[in-house]
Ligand SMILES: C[S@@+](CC[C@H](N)C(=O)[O-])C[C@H]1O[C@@H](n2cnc3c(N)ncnc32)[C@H](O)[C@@H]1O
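As a starting point, one isolated chain is supplied in structure tokens, in the form predicted alone.
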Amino acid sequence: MTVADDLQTVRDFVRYGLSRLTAAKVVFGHGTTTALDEAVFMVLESLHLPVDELEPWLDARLTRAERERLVDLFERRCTGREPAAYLLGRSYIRGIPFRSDARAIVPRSFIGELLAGDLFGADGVGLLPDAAGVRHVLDLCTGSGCLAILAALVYPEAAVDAVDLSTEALSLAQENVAEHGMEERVSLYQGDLFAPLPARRYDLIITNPPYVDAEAVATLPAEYRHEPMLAFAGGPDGLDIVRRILAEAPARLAPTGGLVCEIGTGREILEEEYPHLPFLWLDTEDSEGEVFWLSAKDLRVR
């Protein structure tokens, strides 16, 4: 008898996964925050079931092949510490699926939640004076391309440029762009921040740049070490790239545009270093003081 013989239903495997993940003390943060959420995600995604609909499937009986695959997935997650999104090749932001593998950081950003709300919605409500008229959006440090694709969905009339230093990340981003049918809307550029981009001004710049400080990078949990370190390393205090973006963004923003930037835990450092900038901190359900907004006008008064 094997473990797979003792477990028969979706309910059995969610319970098993919860116990296995908890006992192994795995670290979360790649789209899930608890052992239960991760167990549910792994079971449903493995079975190609909607990841937000557990109840209808709880008593569904699995084939032997499905059972063996799930036991193997939980074992690999617990012993190899690879993020579940990599093991399953899929991650979600606000219910929207993205391909995920070790070419780029697992898709996750508080900016994704903000884009789905009213602050930047194309209904004209929020921080952008003419959100309905957004025609050019830029996603810096795009990684898997998830935020660029979300922006294209929010602003159906906009062309979205997305840039990353990593050619591997861009190859994954291209696959995500194609999967969402966005080839005519999202353009990918390889290079360092603004350098490879066409000479245009943007109505909105969004960016989730590397912002982990050197000390934290050195002590990242094993799960995070499966991801490209380039996506984390932000210099001694984590803000080297953020400073460059603040310096270069004013020249690339339209007069009524603005910048949304995720920075992690560097709020106090930024506010002390840039006392003249009126950072507006945009909190989400799961974050506080980790994403800021600055209008083009704010950035140009320096």
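Since we're looking at a predicted model, the values are computed, not measured. Residue numbers here begin at 1 and follow the sequence given.
FYI, the form predicted together with the named molecule isn't displayed, but the following is about it.
Of the listed positions (147, 173, 84, 160), a single one reaches within 4.5 angstroms of the named molecule by any non-hydrogen atom in the predicted complex, namely 147. 241 is the sole member of 241, 70, 249, 39 with a non-hydrogen atom within 4.5 Å of the named molecule in the predicted complex.
When contacts are judged by a 4.5 Å heavy atom cut-off, residue 141 counts as touching the named molecule in the predicted complex. Among heavy atoms of residue 186, none comes within 4.5 Å of the named molecule in the predicted complex. Remark: residue 191 counts among the residues lining the named molecule in the predicted complex, judged by a heavy atom distance of 4.5 Å or less. In the predicted complex, at least one heavy atom of residue 230 sits within 4.5 Å of a heavy atom of the named molecule. Per the 4.5 Å heavy atom criterion, the named molecule in the predicted complex is contacted by stretch 205-213, the sole one of 175-183, 205-213, 71-79, 150-158.
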